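Given next, in structure tokens, is a single chain: the form predicted alone.
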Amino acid sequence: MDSSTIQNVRIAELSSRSGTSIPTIKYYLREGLLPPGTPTGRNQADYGEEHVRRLRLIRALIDVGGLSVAAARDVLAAVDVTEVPDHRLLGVASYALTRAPRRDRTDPVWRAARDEVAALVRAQGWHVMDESPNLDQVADGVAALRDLGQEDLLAPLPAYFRAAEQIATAEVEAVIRRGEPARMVEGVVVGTIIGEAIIDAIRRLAHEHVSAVVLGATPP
């Protein structure tokens, strides 16, 4: 019997099948991340397939996404509210992964960078909230390049936006096809974290190729 057919198991078997230690499962229960099982006696309960799926999602949020327990609880709360629109649901998961800006928000260089990024977003016709933390994160990078005297490296910025929209279209469509809110959130978290690593590696492969072509290197 695999995790897709698991029915009414005790916490020890839930631990074995989910790959999550019993103390960790009990911690998630205390923190309200994992719903309680069906009581079967004093200090005993049975757990079902929904608990295996929930543990998989919790581990995706905390172990892969690096979220705090509090942030994971917010995402799970959005999953549990069935009337939450899909766009809002995916936004909660995505924003939970975004770190706070590291720059001084009153710094004129940072403010100018953020205004520039916001203008590029508007030029793309993107539907993005003005308070999106991702605008702040891009502004961090733009301001850092200017501080380092590397402003010429900002020339590809419009190309980044165009390429990102193509990638995002494919990713979001794949997540939406899942249909189930919990699996959609899991796709956002895992896809964002692991997808970033894949995209970074492909980008470096492309750098290697373009450098070889432009500089006339002998093909391997």
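Numbers for residues come from their place in the sequence shown, where the first is 1. No experiment lies behind these values; they were computed from the predicted model shown.
Here the subject shifts to the form predicted in complex with another copy of the chain, a form of this protein not shown in this document.
- Annotated contacts: 21, 73 and 77 are all free of another copy of the chain in the model of the complex [non-hydrogen atom within 4.5 angstroms].
- In the model of the complex, another copy of the chain lies farther than 4.5 Å from every heavy atom of residue 16.
- Using a 4.5 Å cutoff between non-hydrogen atoms, residue 68 does not count as a contact of another copy of the chain in the model of the complex.
- Put simply, residue 149 is close to another copy of the chain in the model of the complex: some heavy atom of it is within 4.5 Å.
- The shortest heavy atom separation between residue 44 and another copy of the chain in the model of the complex exceeds 4.5 Å.
- Residues of 130 to 146 lying near another copy of the chain in the model of the complex, listed in sequence order, are 132, 134, 135, 137, 138, 141, 142, 144, 145, the criterion being any heavy atom within 4.5 Å.
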